[in-house]
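As structure tokens, one chain now follows by itself in the form predicted on its own.
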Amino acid sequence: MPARSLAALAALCLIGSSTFAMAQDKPTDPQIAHIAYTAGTIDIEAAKLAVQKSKTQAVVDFANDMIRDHEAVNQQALDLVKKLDVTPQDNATSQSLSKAAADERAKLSTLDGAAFDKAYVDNEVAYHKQVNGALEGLLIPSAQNAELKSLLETGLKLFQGHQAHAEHVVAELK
């Protein structure tokens, strides 16, 4: 399974740690699948906003990478749940992720130029730090299905790369 297939989980980073603190101690595999897909969709939406608003090539390139990776992982996540005959289950964590992401997009949409670029990329750094922590501390340990767990573990490696890329873009903006 390609490493990009897990990029959707990176979207979890957009949200603060309090979202994950609200999660059940051990989410079920259907809940994890819903969280992962929701997270991917969230990062795709944020990246599309960045492509529309940013005039900085490094930011646009980063956002396009996020769109490409997260669309790929969302498709692979859908393929996996179909193969496993699992119905993703909406849950408080997914709902909280969606609410926090909508709030962040609303904030970002009011910014332009360098202020937008900085806020978007800073958010992406924090977002990827958060998803890496959530993967390590909650999602991977809670996953029961071996294929789902493998997908999450591969995703963690990919998301660590996303975090490094976002940190590099932050450094370029200074």
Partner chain sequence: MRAVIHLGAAAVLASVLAAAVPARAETIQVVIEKLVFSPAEISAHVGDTIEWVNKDPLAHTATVKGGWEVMIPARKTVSQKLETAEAVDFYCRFHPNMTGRLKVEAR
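Residue numbers count along the first chain shown, from 1. Quantities reported herein were computed from a predicted structural model and do not represent experimental measurements.
This next part talks about the form predicted together with its partner chain, which is not shown.
- Stretch 61-69 is the contacting one of 61-69, 30-38, 104-112, 47-55, since its residues have non-hydrogen atoms within 4.5 Å of its partner chain in the predicted bound form.
- With a 4.5 Å cutoff on heavy atoms, residue 96 does not count as touching its partner chain in the predicted bound form; it lies far away.
- Taking the partner from the other structure, its partner chain in the predicted bound form has a heavy atom within 4.5 Å of a heavy atom of residue 76.
- Taken together, 123, 129 and 133 are entirely out of contact with its partner chain in the predicted bound form: none brings a heavy atom within 4.5 Å.
- Along 153-174, residues 153, 154, 157, 158, 161 each place a heavy atom within 4.5 Å of its partner chain in the predicted bound form.
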